[in-house]
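Given next, in structure tokens, is a single chain: the form predicted on its own.
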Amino acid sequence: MCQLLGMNCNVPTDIVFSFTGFATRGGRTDVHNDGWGIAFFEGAGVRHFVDHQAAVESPVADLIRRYPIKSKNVIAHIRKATQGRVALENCHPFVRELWGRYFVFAHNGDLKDFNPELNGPYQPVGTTDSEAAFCYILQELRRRFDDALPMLPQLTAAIAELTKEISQYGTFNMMLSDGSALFAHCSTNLHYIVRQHPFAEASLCDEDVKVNFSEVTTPNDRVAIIVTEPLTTNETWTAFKSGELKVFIDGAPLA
């Protein structure tokens, strides 16, 4: 299956360190070599990069490793195809508009016989179960709330109901963001860590790379990293429970 990476912060932050380790799993230290993608929220816009090449071979991924794009919400994905051919249109994350803002979505898992009735403007371009699930979520959110953006508690409750419904068809680890919050749902495997003052040094699992976060942050910074498998060897990561949905805002999960 695929792997997911998300970042949610209280100040714009680059994801170079985490993405460096994550991208290595896209064909070198793991088998997720059927494409990759990453999306950065920046104001009302989204910088969106996808490539059907393996992340370890992609010149675009190399750009992301070297270019420190700063954002408060980032979602990335490395693909091991289960449904849909290896092609650009099947690379996550996917991006759509709802309520005048962009939503970004990525999925790890396999949904069996998931064929939702999509009768509105949200239609898949590719052939993955993941994009169909994303279109279904947006369709149902619009159906429930019409043209009015709901308050966060109502939106969270609706997403929780939809993830529970979709999970009946198989594994549904997913990340979803509108740039103000990052929603992460776990079926089988998802972990997170919150880095804040006092910051320490971290060492990647997949690359011989270390960074002392105390040298590149301020005492007010706070960063949450959410990923399928922990990225570092010397930090304590928290595992999601199966069926759990967490909402991250300003670098921390909401209670």
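Start at 1 with the first residue shown and count on from there. Keep in mind it's a predicted model, so treat the numbers as computed, not measured.
Form predicted in complex with a further copy of the same chain: not shown, discussed below.
- Not one of 195, 202 and 219 places a heavy atom within 4.5 Å of a further copy of the same chain in the predicted complex.
- Proximity to a further copy of the same chain in the predicted complex, defined as a heavy atom within 4.5 Å, singles out one entry of 116, 124, 150, 170, which is 124.
- Contact with a further copy of the same chain in the predicted complex, defined as any heavy atom within 4.5 Å, is confined among 226-234, 205-213, 184-192, 43-51 to 43-51.
- In the predicted complex, a further copy of the same chain sits within 4.5 Å of a heavy atom of residue 97.
- In the predicted complex, residue 129 stays away from a further copy of the same chain, with no heavy atom inside 4.5 Å.
- a further copy of the same chain is not drawn, but in the predicted complex it has no heavy atom within 4.5 Å of residue 143.
- a further copy of the same chain is not drawn, but in the predicted complex it has a heavy atom within 4.5 Å of residue 60.
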